[in-house]
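Just the one chain here, laid out as structure tokens, in the form predicted on its own.
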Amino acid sequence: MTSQATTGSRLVRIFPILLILPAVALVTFLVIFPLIWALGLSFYSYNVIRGGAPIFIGVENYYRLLNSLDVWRRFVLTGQFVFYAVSIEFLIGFGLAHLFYNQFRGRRLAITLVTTPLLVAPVAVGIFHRYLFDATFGIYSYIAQLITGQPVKILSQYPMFAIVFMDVWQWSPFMMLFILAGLEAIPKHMLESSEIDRLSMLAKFRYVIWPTIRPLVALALLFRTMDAFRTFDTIFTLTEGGPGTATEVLSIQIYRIAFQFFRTGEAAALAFIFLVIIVLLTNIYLRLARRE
């Protein structure tokens, strides 16, 4: 009986491990192994087209990239795009959330229509806006011409505005949903108490609304910032990084190095530099949010 009980207790302890083994194996095969392989490849000089054995060069790829002005210009450009896009998305999402927090006829239909851009594939969004920004028959160019009184080629004259506008169009509803969920979670009795105490709108927001929605706002900003840093498909479809290198964010530069210039080891090194910077920024952001 004692041996049977011991065997049964061992099975009870082992059974949860057996259940998660397939998931661990899948994550290891699809995520961890490719990351380790790419990290190792970043220390080699390797060209996919030439083939042949990779040549070990140590940290030369990292040294060359970190001392390249072009790479740092792409970092600055990527940071500008992320800052403009996420800031505007937060403001628009905040306004839309407060609008839809109030009950009115057709509210559900309006929320459905506003969140429609989230359902569109990123490549389709880029193609769609490429036609809208077209200098000949694009509706946005036509509106800009009506405002300024002269032809405006938005994609060539204001490329940063174009990619930020496109990103804001697609992802502002994402911010809105998070903030709206936070507003819906505010206890009704707290709002009623603030009305009874005759708090001003500013005091009501500061002491009642903001403490409740702050965690969701922080989560939305974190998710959106990380996603904006790695944006590739929409920008590449709209401008292909042009005109020149005006919209060549870091993800597009990694693509060019890997699949146009075929410097695979260098592309892997740049991708890991990018990854480390994103992780550091994320940790700083989380520390600031936790301290607040």
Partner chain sequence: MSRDGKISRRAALSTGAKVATAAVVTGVVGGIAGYLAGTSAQPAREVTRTLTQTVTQPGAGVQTVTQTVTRTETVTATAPVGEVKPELSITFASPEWLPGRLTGLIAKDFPAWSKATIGKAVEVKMDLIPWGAIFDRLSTVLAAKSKEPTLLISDSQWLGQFYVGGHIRRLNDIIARDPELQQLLNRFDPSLVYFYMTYPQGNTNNIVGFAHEGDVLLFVYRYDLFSHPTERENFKAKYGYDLPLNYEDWYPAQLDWYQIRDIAKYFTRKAGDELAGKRLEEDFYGIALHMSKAYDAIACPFGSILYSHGEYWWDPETGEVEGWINSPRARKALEFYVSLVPYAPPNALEIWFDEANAVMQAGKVAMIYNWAGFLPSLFDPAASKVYNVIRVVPPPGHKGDDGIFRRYSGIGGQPMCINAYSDYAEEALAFIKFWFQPQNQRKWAEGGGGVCIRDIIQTEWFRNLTPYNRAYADSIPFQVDFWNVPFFFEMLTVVQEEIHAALAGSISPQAALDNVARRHKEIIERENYPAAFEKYGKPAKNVAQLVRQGLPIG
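Residue numbers count along the first chain shown, from 1. Nothing here was measured: the structure is a model prediction, and the numbers come from that model.
Not on display, but discussed next: the form predicted in complex with the partner chain.
A.B. asks: Can you tell me which of 23-31, 235-243, 36-44, 221-229 lies within 4.5 Å of the partner chain in the model of the complex, counting heavy atoms only?
C.D. replies: This holds for exactly one stretch, 235-243.
A.B. asks: Is there a heavy atom of residue 134 lying 4.5 Å or less from a heavy atom of the partner chain in the model of the complex?
C.D. replies: Residue 134: contacts the partner chain in the model of the complex.
A.B. asks: Does any part of residue 187 reach within 4.5 Å of the partner chain in the model of the complex? Heavy atoms only, please.
C.D. replies: No, residue 187 stays farther than 4.5 Å from the partner chain in the model of the complex.
A.B. asks: Would residue 48 show up as a contact with the partner chain in the model of the complex if we use heavy atoms at 4.5 Å?
C.D. replies: Because a heavy atom of residue 48 falls inside 4.5 Å of the partner chain in the model of the complex, the answer is yes.
A.B. asks: Tell me, yes or no, whether residue 261 is in contact with the partner chain in the model of the complex, where a contact means a heavy atom of each within 4.5 Å.
C.D. replies: Result yes; residue 261 sits at the interface with the partner chain in the model of the complex.
A.B. asks: Only one of 103, 116, 200, 150 has a non-hydrogen atom within 4.5 angstroms of the partner chain in the model of the complex; which is it?
C.D. replies: If I apply the 4.5 Å criterion carefully, the residue I get is 150.
A.B. asks: Report the residue, out of 212, 87, 80, 156, that has at least one non-hydrogen atom within 4.5 angstroms of the partner chain in the model of the complex.
C.D. replies: Exactly one residue meets the criterion: 156.
A.B. asks: Can we say 130, 248 and 255 each have a non-hydrogen atom within 4.5 Å of the partner chain in the model of the complex?
C.D. replies: Every listed residue reaches the partner chain in the model of the complex, so yes.
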